[in-house]
Ligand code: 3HC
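Shown here is one chain on its own, the form predicted on its own, set out as structure tokens.
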Amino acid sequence: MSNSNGNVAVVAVLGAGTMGSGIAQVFAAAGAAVRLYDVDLARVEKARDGVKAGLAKVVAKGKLTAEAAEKIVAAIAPATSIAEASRGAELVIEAAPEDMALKISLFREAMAHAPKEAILGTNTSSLSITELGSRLGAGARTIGLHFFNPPPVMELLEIVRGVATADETVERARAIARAIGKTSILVNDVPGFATSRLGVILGAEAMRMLETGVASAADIDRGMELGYRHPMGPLKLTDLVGLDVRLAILEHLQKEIGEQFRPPPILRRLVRAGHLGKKTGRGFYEWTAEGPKEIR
């Protein structure tokens, strides 16, 4: 199992989307054997290709050796089933869409094959850790491990403690964060935790400003980047995270907390149109090989 330094030998990552592939890369870079699962095996292969391409750019900049990059990619093994991914895993992390039933289903299958003491870590940005742990019957070892996009670059790991999460699980999670080079914050299990509540409320207000003509998307973003030292403006960040993901979080927080989280109409329109951000090539920006371009 993970030692006092937080090193884990085997990690199962369930979900090979943007977050799942990034989380897999983080643990592979830290020396873990990563088993990456997705219901679509082709998506896993695509994720590994994406990791390889991203690392190639780092190598080209002289920040990583080609040998080290190859070692990271080799440490990420495609898994054809949850059972294959979970056997012997000291840590199981799900990075699936924000759907409680889906997350429960993934973990239940993983629990049938993973060691009984394995940590169950969810990358959810808004769903209840307490409810998840309770419905799994494993509250003591269920914890929120909320990574930020892109996981290999972003320093923060938000650790979310459910009502039944054991002290030992929290300490192991904090040690794991240190071992993978992340700085962690510990928050209690409330809707939206700490970072999602702050992030989506800023993003929602930026959307309202855009749809009422206060300024262009680029100028709204530029204002936060240059005026408040945000590395990325709220609309560009929404495109990166996914407009559908942001919509689901806002709907959940509106229900749990109040009307200040009501999704702006412009967000609903774009999601209905299939404009989900970078992953579809269009959101608040048009995404090309050269990067985001303002839509005029």
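We number the residues from 1 along the sequence you see. This structure is a prediction, so every number in the text was calculated from the model and none was measured.
The form predicted in complex with the ligand exists for this protein as well; it is not shown, and the discussion that follows is about that form.
Q: In the predicted bound form, do 25, 61 and 241 all reach within 4.5 Å of the ligand through at least one heavy atom apiece?
A: Contact check passed for all of 25, 61 and 241.
Q: Would residue 147 sit within 4.5 Å of the ligand in the predicted bound form, counting heavy atoms only?
A: Close contact exists here: in the predicted bound form, residue 147 approaches the ligand to within 4.5 Å, heavy atoms only.
Q: Even though the ligand is not shown here, does residue 231 get within 4.5 Å of it in the predicted bound form, heavy atoms only?
A: The answer is yes: residue 231 has a heavy atom within 4.5 Å of the ligand.
Q: If you check in the predicted bound form, is residue 125 within 4.5 Å of the ligand, heavy atoms only?
A: Residue-level check for residue 125: yes, a contact with the ligand.
Q: So, in the predicted bound form, is residue 54 in contact with the ligand at a 4.5 angstroms heavy atom limit?
A: Result yes; residue 54 sits at the interface with the ligand in the predicted bound form.
Q: Considering the ligand in the predicted bound form, which of 253, 270, 245, 34 comes within 4.5 Å of it through any heavy atom?
A: The residue from 253, 270, 245, 34 that makes the contact is 245.
Q: Which of 104, 175, 202, 154 has a heavy atom within 4.5 Å of the ligand in the predicted bound form?
A: Going through each option in turn, the one that passes is 154.
Q: Can you check 139 to 147, 203 to 211, 80 to 88, 184 to 192 and let me know which stretch has heavy atoms within 4.5 Å of the ligand in the predicted bound form?
A: It is 139 to 147 that comes within 4.5 Å of the partner.
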